[in-house]
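Consider the single chain below, provided in structure tokens and representing the form predicted alone.
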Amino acid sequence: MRNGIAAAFAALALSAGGVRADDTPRSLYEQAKQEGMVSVWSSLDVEMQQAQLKVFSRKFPGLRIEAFKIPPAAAIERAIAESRAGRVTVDVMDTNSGYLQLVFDRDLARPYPWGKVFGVPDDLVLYDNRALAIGHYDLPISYNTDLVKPGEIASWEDLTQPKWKGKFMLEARGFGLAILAQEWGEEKTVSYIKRLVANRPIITQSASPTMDGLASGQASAAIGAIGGRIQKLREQGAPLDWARVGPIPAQVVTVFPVVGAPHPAAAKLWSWWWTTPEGQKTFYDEQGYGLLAGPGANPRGQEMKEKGLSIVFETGKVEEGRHNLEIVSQAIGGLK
């Protein structure tokens, strides 16, 4: 009878949040070895996931990864469809925090005691233990170093001046400007965008063509390129840099095990790994990404702190973030 009661409580704990009384990194690893793999859907390159696995495997050998590159919205839509059909094929997903309400509304992520089991710092455990922060995608003003001198752009307001008319790119979705609206307010943000648009920017449809166009000299400066990617392209010889101008908007990137994951222990172990110093170092070395603030801040975040550049992080209030993004994209008017 005692064994039956214990089994019942264990089953209840697993159904509530995937928690076992004996969960430890070592016990989860033993379970993960039996599972044999982890399936990851991510907007990050497959090569990035493989680089993480290489470092991960030094401590936890015996797991392979199936990584699939897919944008967050499409990944969530697909996961919802799989969940409804009762056949989930993904273990772990990552997304910026603006998409998480969809995840929570469909019960795709549940609480787990990350601090108790793994010792994850409180500031990286988000949304009532349902997701972990693994990085920040900063969206500073960027520029072509062949066309713009360091310090020539000294404020966000500079790009509204006649000097830059027709010479800068503006990404149509306006993620960074929507984040700045948290600090600036709606009226100031819309007024700023109207003056930007009046200065005849080249409207782009996503971060990648923005960075490519900037590197090739199609424009002198840009709003909408990701700082980490600008840094990596610069290291590879592209004439790119980011303006040391604050405030700097930053998306919050999260990871979470998916409810119903076919490899639940591996999902937890892999999610946690991204928050570790080894995981963060690989993220930064490979992609230029990672945390911009806190004890684990990457070198770019440390430079921002040293230069007194404030960072505005994407709000955890999903409705506010969605509203700001709507008003910004409408003000830019470049989406088709």
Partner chain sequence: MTEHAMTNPTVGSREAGEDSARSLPMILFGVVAAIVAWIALAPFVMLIYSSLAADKDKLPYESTTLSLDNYVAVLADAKNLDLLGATAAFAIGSTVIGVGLAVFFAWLIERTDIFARKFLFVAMLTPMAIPSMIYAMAWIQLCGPNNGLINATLTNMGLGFIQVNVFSLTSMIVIQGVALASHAYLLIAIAFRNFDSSFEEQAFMCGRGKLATVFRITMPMLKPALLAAGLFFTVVALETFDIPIILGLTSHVQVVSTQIYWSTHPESGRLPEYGAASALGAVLVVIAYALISLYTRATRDAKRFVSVTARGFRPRPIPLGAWRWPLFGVAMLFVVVAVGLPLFILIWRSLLRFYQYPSMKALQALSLNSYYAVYNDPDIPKVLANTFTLSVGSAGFVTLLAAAVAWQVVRGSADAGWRRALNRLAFFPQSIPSVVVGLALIFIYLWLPIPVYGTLWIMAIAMVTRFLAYSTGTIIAAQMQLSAELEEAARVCGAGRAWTYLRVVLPLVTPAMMAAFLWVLIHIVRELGLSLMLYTLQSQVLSTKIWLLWENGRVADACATGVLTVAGLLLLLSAPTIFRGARGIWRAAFGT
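Positions refer to the first chain, counted from 1. Note that this is a predicted model, so its numbers are computed, not measured.
Unshown form predicted in complex with the partner chain; subsequent notes refer to it.
Checklist entry - Looking at 207-215, 154-162, 118-126, 183-191, which one sits within 4.5 Å of the partner chain in the predicted complex if you count heavy atoms only? => result Residues of 207-215 come within 4.5 Å of the partner.
Item to check | Heavy atom within 4.5 Å of the partner chain in the predicted complex - the one residue of L132, L196, I76, A109 that qualifies | outcome: Checking each option against the partner chain in the predicted complex, the one that comes within 4.5 Å is I76.
Next on the checklist: Check V245 for me: does it contact the partner chain in the predicted complex (non-hydrogen atoms, 4.5 angstroms)?
Outcome noted: So V245 does not count as contacting the partner chain.
Checklist entry - Can E66 be called a contact residue for the partner chain in the predicted complex at 4.5 Å between heavy atoms? => result Residue-level check for E66: yes, a contact with the partner chain.
Next on the checklist: I'd like to check something about P71: if you look in the predicted complex, is any of its heavy atoms closer than or equal to 4.5 Å to a heavy atom of the partner chain?
Outcome noted: Result yes; P71 sits at the interface with the partner chain in the predicted complex.
Checklist entry - Does the partner chain get within 4.5 angstroms of any non-hydrogen atom of V312 in the predicted complex? => result Because no heavy atom of V312 falls inside 4.5 Å of the partner chain in the predicted complex, the answer is no.
Item to check | Joint contact, K59, V92 and I223 to the partner chain in the predicted complex, by non-hydrogen atom at 4.5 Å | outcome: Heavy-atom distance to the partner chain in the predicted complex: none of the three under 4.5 Å.
Next on the checklist: Just to make sure I understand: among 173-200, which residues lie within 4.5 Å of the partner chain in the predicted complex, judging by heavy atoms?
Outcome noted: Residues within 4.5 Å: R173, F175, V197.
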